[in-house]
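Okay, so here's just one chain, in structure tokens, the form predicted on its own.
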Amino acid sequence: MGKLKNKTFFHSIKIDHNRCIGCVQCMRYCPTKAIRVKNSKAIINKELCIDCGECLRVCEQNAIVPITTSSADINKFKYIVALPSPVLFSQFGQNIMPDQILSALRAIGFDYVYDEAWMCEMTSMAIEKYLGENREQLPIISSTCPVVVRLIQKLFPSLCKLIIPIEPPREIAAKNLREQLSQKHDLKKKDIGIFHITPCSAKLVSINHPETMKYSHLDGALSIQEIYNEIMMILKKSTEPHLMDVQNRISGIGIGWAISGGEIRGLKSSLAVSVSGVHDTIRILEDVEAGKLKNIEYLECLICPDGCVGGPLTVENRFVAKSNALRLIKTFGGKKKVDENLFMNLYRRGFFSFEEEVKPKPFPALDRNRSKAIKKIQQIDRIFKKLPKIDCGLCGSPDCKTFAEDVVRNEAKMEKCIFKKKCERKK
């Protein structure tokens, strides 16, 4: 199972300094200002990074490298399970159906393949049940995207209490699978390796550093990009569907979770809002913090544009992928495939619930001493007034305000501002 919580903090991306040319593109797009450029190389501040993957999207040098599970980590298990995100179904065109993709995964070498879309539908039922029982503080915010959870912890810590205490489908599915497969095949739970097929590397962060449980029920994650070619080669060998035991459970409601709005599509409530993309997510969370959305029951936030189909580790153009997903939703319909009695039995047992609440983890203060912190804020303001305020990034900080803060933190020197130096020379 996943690593113990709070051991060594883990990030899902790293910078290949052999490829990095210090172009400041990643620094400009980072929403939490976690990147600096020093000595013509990008550097990530681990305390500020939320693993949103925006830098991964914009780096034209391929210097931002996603971290996923290695082959050695997979092969150490006796029984290997693939748990693909519903996004995988949107990556192979109009004529390829989910059962063919699931069968192709089995042919690659996985001992068992599970359709996460079915568990997405069950999670929708858990969300709906929770909304019916909890009305004190609104809006309730989705916990599905691990980056959104971390964003709230860092930038909007007061909103942690609004995050719905229900684990995402990938964790619930892995929890259920480990129980079932260990009994069915007489295996020790530790001998079963369950791996998420993911559209983004942020999922590996939630596996290695879970926020709401002692350990993740998943053992790792592989990107869609990593396995795409192998699946495609198998699909090209045969155009006939390879029907599996999961075929009758493939859920249109669950497949909808691949795109923005898919999570709330499975809810009865009309007082739900879906937002995707890092900047729009930040804007709507600012509105929630300001108390402007108290008439909304549920808020689905996804950090990637258009939802998980826009993940940085996908292959298909996200607009095409979205179209493919909508077609599959229409094909499989909105009829529920989950047995109500099975769901209620699991819900009453707390099967879907967090083990621990989401705790605020705000960005580090300027100083632990309040009076010293106030003096440093005043110092930042004085430095900022002297700067050109053109946010060029040539100093290695994303903007003039952040540069002033970096100077006060002793992480940058004033002479790094080339425009200020020019002005001083003229005087």
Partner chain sequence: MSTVAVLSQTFNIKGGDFVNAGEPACKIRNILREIGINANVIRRVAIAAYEAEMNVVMYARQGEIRLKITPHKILLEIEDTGQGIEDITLAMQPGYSTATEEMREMGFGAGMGLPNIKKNSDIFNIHSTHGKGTRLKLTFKLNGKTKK
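The model shown is predicted, which means the values in this text are computed figures rather than measured ones. Residue numbers count along the first chain shown, from 1.
The protein also exists as the form predicted in complex with the partner chain; that form is not presented, and the subsequent description refers to it.
- Annotation: in the predicted bound form, residues E286, R370 and K375 each come within 4.5 Å of the partner chain through at least one heavy atom.
- Although the partner is absent from this view, F156 contacts the partner chain in the predicted bound form, with a non-hydrogen atom inside 4.5 angstroms.
- Though the partner is left out of this view, L342 does not reach within 4.5 Å of the partner chain in the predicted bound form, counting heavy atoms only.
- Using a 4.5 angstroms limit between non-hydrogen atoms, C59 is distant from the partner chain in the predicted bound form.
- At a distance threshold of 4.5 angstroms between non-hydrogen atoms, K188 is out of contact with the partner chain in the predicted bound form.
- Of the residues K330, H279, K76, K161, just one reaches the partner chain in the predicted bound form with a heavy atom at 4.5 Å or closer; this is K161.
- Proximity to the partner chain in the predicted bound form, defined as a heavy atom within 4.5 Å, holds among K292, K129, K214, R106 only for K292.
- In summary, the region of this chain contacting the partner chain in the predicted bound form, judged by heavy atoms within 4.5 Å and restricted to 292-300, 334-342, 203-211, 251-259, corresponds to 292-300.
- Residues from 87-116 do not approach the partner chain in the predicted bound form: none has a non-hydrogen atom within 4.5 Å of it.
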